[in-house]
Each structure stands twice: as C-alpha cells, then as structure tokens.
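Okay, here we've got a single chain as structure tokens, the form predicted alone, with questions on binding and movement later.
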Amino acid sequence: MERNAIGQGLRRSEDARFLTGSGRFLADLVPAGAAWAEIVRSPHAHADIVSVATDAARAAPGVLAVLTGADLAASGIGGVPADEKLIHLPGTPEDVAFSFRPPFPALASGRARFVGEPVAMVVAETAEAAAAAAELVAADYRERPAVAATEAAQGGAAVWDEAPDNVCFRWQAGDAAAAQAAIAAAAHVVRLRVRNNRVHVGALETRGAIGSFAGGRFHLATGTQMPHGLRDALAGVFGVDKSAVHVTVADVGGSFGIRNALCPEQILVLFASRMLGRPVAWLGSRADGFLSDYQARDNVADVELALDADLRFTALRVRTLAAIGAHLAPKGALSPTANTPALAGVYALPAIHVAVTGVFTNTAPTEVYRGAGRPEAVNLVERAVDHAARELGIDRLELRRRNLLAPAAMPYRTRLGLLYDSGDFPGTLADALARHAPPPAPRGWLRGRGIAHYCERVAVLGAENAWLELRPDGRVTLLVGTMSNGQGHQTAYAQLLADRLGIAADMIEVVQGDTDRIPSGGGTGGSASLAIGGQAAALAAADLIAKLTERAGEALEAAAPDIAYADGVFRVAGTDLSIAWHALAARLPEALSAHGMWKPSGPSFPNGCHVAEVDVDPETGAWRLAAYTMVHDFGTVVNPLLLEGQLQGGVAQGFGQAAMEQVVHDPESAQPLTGSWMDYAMPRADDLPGLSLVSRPTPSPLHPLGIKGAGEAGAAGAPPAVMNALLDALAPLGVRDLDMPATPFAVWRAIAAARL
C-alpha cells in the first residue's frame, strides 16, 4: 500500500468506528455490577447549609450509601486542587499573588456558593434508584445575598467571608511606568470597554466518571485531555502515591479545555468505590452540565490605546476584571493571566501594561476554554484598533498597515516578553483581502466587513515522550502522552510516522489515555499535541530505524553504516543485498522498542488574518454572516483535511460566542436562566456560510518539522472579526459600540438607541 506522507489529505481513520456506532465512549464502559451515583445539588446560589437529612434516602430501595460533605471531611479527603502560584511573565512584579485561595470541597459543607454545587451523593444499585432516592435528601438552607455579575463583584455580597471585596488575585505584566508615560504624551488616546461573555461549552458527550478500587489501587475511567495530570491530582486528593492511581480514557465527545481539570464527581466515585468495594458510575445529565460544568470567558476589560500624531501606536493599557466563579478551578487563573501576551498582537507596540483582578461570583467556576485567554486578548486588541479608526477618522486598513510588524522586524521581542520568530503580517492581510469574495447584500440591508489579526503563543506545555513498539508482524504501536478528544490524533500521528518509517499509515496503531501503559505525558492543550508530541514521535521513529539498521546489518552480514533505509527496504550500498521491513520484523524474537523525547526551546507562533462579512436588517436587527475568509500560517501542514476541520470548528465556536451564546444569571438571585438548549443558543450549520480557509505556511524555524500548532486559532480571530463587521455595518446609523453576544434583539436595541 502507498504510504501516506506529510502534506496529504488523508481521511480520518477514526471516523469508521464513529460513523458505524462502534466508538467506545464512557457510557459504553460501565462494568457489569457497577453501582450508580446521583448528585444532589444546591438550588441556591448562596446559602448556609443548616442540615442535610439523609435517613429517608438511605432507606429507599436499592440505596447503598448517601454521602455528605461531613463524610468526606471525616475521612480526610481533600478537595479539588488549584494552581498555587500565578504565572510570572517578563515584567511581572514580584508582588502579584493570590489574595485568597479558597477550598473547593467535592461536597459542599457549611455553605453552598453556586446553583448546582454538589451537596450530597446517593449511590444505589441502579441509576433509576439513585435518582429517586436523591429526591428524598432533604437539605435545609438559609439563603444569603448573592452576586452574579462580574462588574458587581467588588462591592457586592461577599462570596467568601475571608475575601470581603471578592478578590481572589491581583496580577499584572508589562511596564506600567512606560505605558503611563506614553499615554500622557500621546497625541490621541482612545478608550473602550469590552465585555467577554460567559459561555457554556456544551460538548457532545456530557461529563462522567467511573471509579473503582481494588488491590489498594484506584482506577478512574473518564474523559480528559490530560490523563497523567488528572492521575497526579487525584493522588494528592487521596494522599497516596501516584502509582496507586490508574486513569484511562477511551473516546471522548469533545473537551475544548474544560475537561482538562479535576472535578468533584471524579473524586466522589473513587471515594464511594473504595467504601463500597465495587465500581461506581456517574454519567452526568445535560441539566447537570448546564449547572455544574466549568464555564468559560466572563471578563470585562477597559482598554486604552495611545497613538502619536502620525497615528502610530505608542502604548496599550488594559485593566481586566475576570470572574472565576465561586471556587478557584484547577486552572481558573490561567486564562486571564498566562496568555495575556497575545495582547501584543501583530503590531509594533512600544509600551504595554495589563492588570488583571480575579473576582469571586456566585456562579459555576470558570476554566480554560479553546484558546485559554488568547481569544480574549485578541478580541480586545482588534476591537480597540477598529474603535480607534472610527474615533480618529482613519480607514481601518490604513491604521493597521501603519502599525503592523514588518517581516524585516523578525525576530521581534514584544513588550510582554514574546519573541516572534517569523511572520509576514502585512502579506497575510493583503492576501486575506484579495481572496475575500462576498456575495451581494440583500436589498435594503446594511453590509459590514470586519478584520481581525491574531498571533498566538502555543506549544508551551514542556517535554513530551513517545514510545514505539515494532511487532514481528511488521505493525507498529505508538504510545504517547497526549490525548485526543476528537481532533484526529490517530490519523495525524500515523501519517507522520508513515512518512518517517516508510510504511503505510494503516500499519500504525496509536495508543493514548492509559497512565499505566504510558509512563508519562503532558496531555493535550495549547495546540501542542502534534507540535511537541509529533516531534517526539519522529525522534522515536529515528531511534527505531537505527535499531533496525543494526539488525539489518546482522541479517545481511554488512556493517550498519553501509546500510541505507528507504521506502520500506534496507539496502547495502553498492550491492543488490536488501531486506524488506516485514522480513526484518519477522526475524524479531519479540517486540522491538524505541523512544523519543522532545522539549521545545520556545513556543511557536501561528498567525493569520480573519475577514468577516455581515448583512444587517436595520428594521429588525436580524443579521447573517455572509462570507468568511481566513488566511493562516501554521507552519508545516501534516494533514490539510484535519487542519480544515480544526479551523471550521474553531470559527464556529468563535462565531457562536459573538452571535448568540451567553450564560445568563438573574442579577438578584444569581439563579441560572440558561439551563437547557431551549435557553442557550448554539450555532447550527445553516448559521454559517462556506468558510474560505487559506493556508499561507512558513515553517517554524524553531521546530525540526516546521510545525506551529493550529487547534485554537479559529476561535481566536472569529469573535473580533464578526463584531467588527457588525459595527462597520451599523456605523452609518450611529452605533459606536456593541457587546457580545450580538443577538438580533441586541442589534435592534443598539439601532433604536442610536436613533434617539
């Protein structure tokens, strides 16, 4: 069979089992004889838990146990751990720190702080019995004042007594003095407040966990992007060595970052299993998810952009309030802080300063979500650039052209510490505009165009290892510590190894998601899987070829340096002596192992330009996305079909946030008002036009394969591109600002307000 080399559009090998219903998701893995768990959740956003009466539930048919926070506390079980330190960037003062890091118990004890917080867990013989008994748990609450809005957190009801101002942390980066001086001396300063709406991830597969305990070891089957990180966190919770915890992951129906983190239910099923001596399964409902899944985004930023008399940028200053919810999730502080360097964008900015205040609210905790802070930062910058152009009466394209970094400036050190290795930002803008070809606008509708550049720092998770096993039948197994959640890792890794090993891609098996079988792994995040794990796999392939060359020398009675390998055949130079891959593998007495490890010397910087075209009905506020073009540079492209799928999904998610998605709470009670798909809108196929996704690659000079990473870029550029297009369309009517989500009602209301 012809091997599938790098750059070919190989179809996903995973899809056969998904399309035929033979995928193995968590619901397919519940073992026979497992008990079932149901979670009792707080109906109040903020309330003292006066008592939790469990006698009636314990007496219900089929019930095996009812657990409360007191049971966990008495057993010394820890809560959900969060990062202990804030990440320091160049220019970050040493005094940035958490003001208060609260506990995050798996079951609330004493006080509930958001609607949906776990208060008790019922375990029964069947899921139906557990659900029925959960209705019998009688918790008595004394309600407290609650705060839901990010802007109301400081000065609102205290979520934690220890943090009366609701501040979790204060953080900053950049040069505050330089930014202040530049703003004071600027010919122009434009200001804008940008709200980044809270979103619900809504993965296709709901959350779940199956826990078991046997032989002194815990086993958790669940969906996660980071199995080894989850293993280590659970070991800390239970106070055991990490060797006593085994995490396995099968197929996962979407994650986008939210599944990276440990959640309370994963602790609870393991605790219950150890107590009962049998497996315990919890499969969350969609209603559970709307209340208790980690949510994302939710911040408010005040932006100041300073310009000189020639309208060149001199400084950017940002003040952000970031809602972290009622508890600090494991990576809850990461998105608002660690990825703020994306604020530098693609522009020459001599001074930048950013200050972030993380605040508690009586809402579900926030976590990393596709882009993990980079989409928020790109949105701020690109919205500010368009706003400056309107305020100062200059064409948006001209303002960008004056301030874009030129290729001759590379490598370029931004004022937030990033060292851009390459990029042709003016060329990308010109290419995107040249390729963008929208259809005619409907008669009587307003047409608008939005532009958004991005430059991301990705692939910074650290070292990754890869192991190869060649069996006597000639087939190869790759074991790698990344984790697919639908991205197509099986196909991508197999294709890369087929190129390196000179065998067909269908001869390669990819194994992920087993912390016993795979010694270590950084998991999947930050667009790093192929960028880091792929190079580790390539090095393992080189190691395997070297070991096989030695064995070919033995088989051919020749010195290894005289043997060359190509296209599945080992040949002795200058002779007709050769041995094929399968023949050499058949001589192996057992599987032959090889290993590769790679740690990047620095991040990579995928970049690109999005152009969105929208049409708006000025009478009703209804609007549509008429055309969308994205010109992108992701370095070496292993599989263009997989890349296109990643970009389509990312753009759809970014468009969804701009157009319709928003978690809404009652401002007084903090009760969620978006508790189902009837209340929370998600984009559908007919909401999007055909997406023009154009590759303009320049290989990364810092990566041996030239790969830059691509998983999050679609979500980074789409929100500002769409919002800038809407504001461009509405500008003739006097609309100067608009927040996400720009629903038809919100657009109509903005039009009506501008007409007053």
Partner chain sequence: MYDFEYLKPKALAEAASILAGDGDAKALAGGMTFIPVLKQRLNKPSKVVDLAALGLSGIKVSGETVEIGAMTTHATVAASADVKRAIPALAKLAGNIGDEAVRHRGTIGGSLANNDPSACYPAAVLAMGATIVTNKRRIEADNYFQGMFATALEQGEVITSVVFPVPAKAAYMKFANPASRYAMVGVFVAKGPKGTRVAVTGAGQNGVFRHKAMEEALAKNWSADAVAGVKTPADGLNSDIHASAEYRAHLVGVMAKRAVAAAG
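Residue numbers count along the first chain shown, from 1. Values in this document were obtained by computation on a predicted structure and should not be read as measured data.
Note that the form predicted together with the partner chain isn't included here; everything after this is about it.
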Is there a heavy atom of D251 no more than 4.5 Å from a heavy atom of the partner chain in the predicted bound form? no
Residue-level contact is defined here as any heavy atom of the residue lying within 4.5 Å of the partner chain in the predicted bound form; does G734 satisfy this criterion? no
Counting only non-hydrogen atoms and a 4.5 angstroms cut-off, does T674 reach the partner chain in the predicted bound form? yes
Can F745 be called a contact residue for the partner chain in the predicted bound form at 4.5 Å between heavy atoms? yes
In the predicted bound form, the residue from E619, D241, D310, D567 that sits within 4.5 Å of the partner chain by heavy atoms: E619
Here the chain is shown alone; which of L204, A184, A408, M678 has a heavy atom within 4.5 Å of the partner chain in the predicted bound form? M678
Proximity to the partner chain in the predicted bound form (heavy atom, within 4.5 Å), stretch among 260 to 268, 126 to 134, 587 to 595, 356 to 364: 126 to 134
